[in-house]
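Have a look below at one chain only, the form predicted alone, in structure tokens format.
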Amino acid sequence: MDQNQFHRLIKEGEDKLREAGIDAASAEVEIILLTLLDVERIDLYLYGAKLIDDKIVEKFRKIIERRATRYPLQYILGEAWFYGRKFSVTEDVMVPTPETELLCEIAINFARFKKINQPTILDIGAGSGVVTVTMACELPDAAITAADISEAALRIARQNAQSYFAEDRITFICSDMFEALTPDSRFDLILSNPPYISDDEYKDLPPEVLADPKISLVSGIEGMDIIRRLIDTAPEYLKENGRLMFEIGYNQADLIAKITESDNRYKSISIIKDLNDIDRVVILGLK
């Protein structure tokens, strides 16, 4: 393929994705080609035309057609990037979002700042394992428990842990939140990206998000059912001076503050905004 054909192929893909309502068409075409050719970004533009053959073109066009239906690109490719690492994803798990990286960053910085020796961490609703594996890679002396109600999700999480040689420090349990934990389990950190979308909000989500498992997204009339359970039960499993950290929806901060004000087990609450200036991560500290 010559350079002109290469650029026409790129434009063809971008045009089809834009017509389908995908704003990041250029970036997604680039991701598709990088994945198909298994090259770095600079090599794509230096040598891409020479590397593309008819089989690659056929695969590229099939991916573009599928993506134009608004089916998530991560599911099509079977992978997603999170905290600088590549993770396997399937329809059994939610596609990780950049906002969840903030949760990891806060937890990592807390463990390092407090100089917690061999921190014990519980990830509730582990899904694909992006939080679990990130914590294991960034805090090599941590002991992590990954809990999820879905065996299928845990299989993906284990696979991702094995990819980064972290499985020996992670305990995977199939559990509806805390239910399968032993009564004497205690953790320095309990982390969660819980479902926090309300029943009404779910109806208006974009097609890409609707492709995620519904159980990972929706949590009752207010989107607060799982968060209420987290707040209510977490103190039973936290060590002294432990922290509960979890993601929230854009309109839930005030309600969560009111809930914790009336719970005398908690001594502090902090709510951290994401890069879009939206309330995103709640940090609760025990008395």
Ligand SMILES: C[S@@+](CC[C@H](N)C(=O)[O-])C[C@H]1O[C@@H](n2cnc3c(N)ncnc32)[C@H](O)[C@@H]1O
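All figures in this text were calculated on a predicted structure; none of them were measured in a lab. Residues carry their position along the shown sequence, with the first being 1.
Another form exists, predicted together with the named molecule; not displayed. Remarks below refer to it.
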{"item": "Stretch from 203-211, 91-99, 135-143, 181-189 whose residues place a heavy atom within 4.5 Å of the named molecule in the model of the complex", "value": "91-99"}
{"item": "Selected contact from 131, 157, 107, 122, since only one has a non-hydrogen atom within 4.5 angstroms of the named molecule in the model of the complex", "value": "131"}
{"item": "4.5 angstroms heavy atom contact with the named molecule in the model of the complex for residue 228", "value": "no"}
{"item": "Residue 177: touches the named molecule in the model of the complex, heavy atom cutoff 4.5 angstroms", "value": "yes"}
{"item": "Non-hydrogen atom contact residue 194 with the named molecule in the model of the complex at 4.5 angstroms", "value": "yes"}
{"item": "Residue 150, heavy atom within 4.5 angstroms of the named molecule in the model of the complex", "value": "yes"}
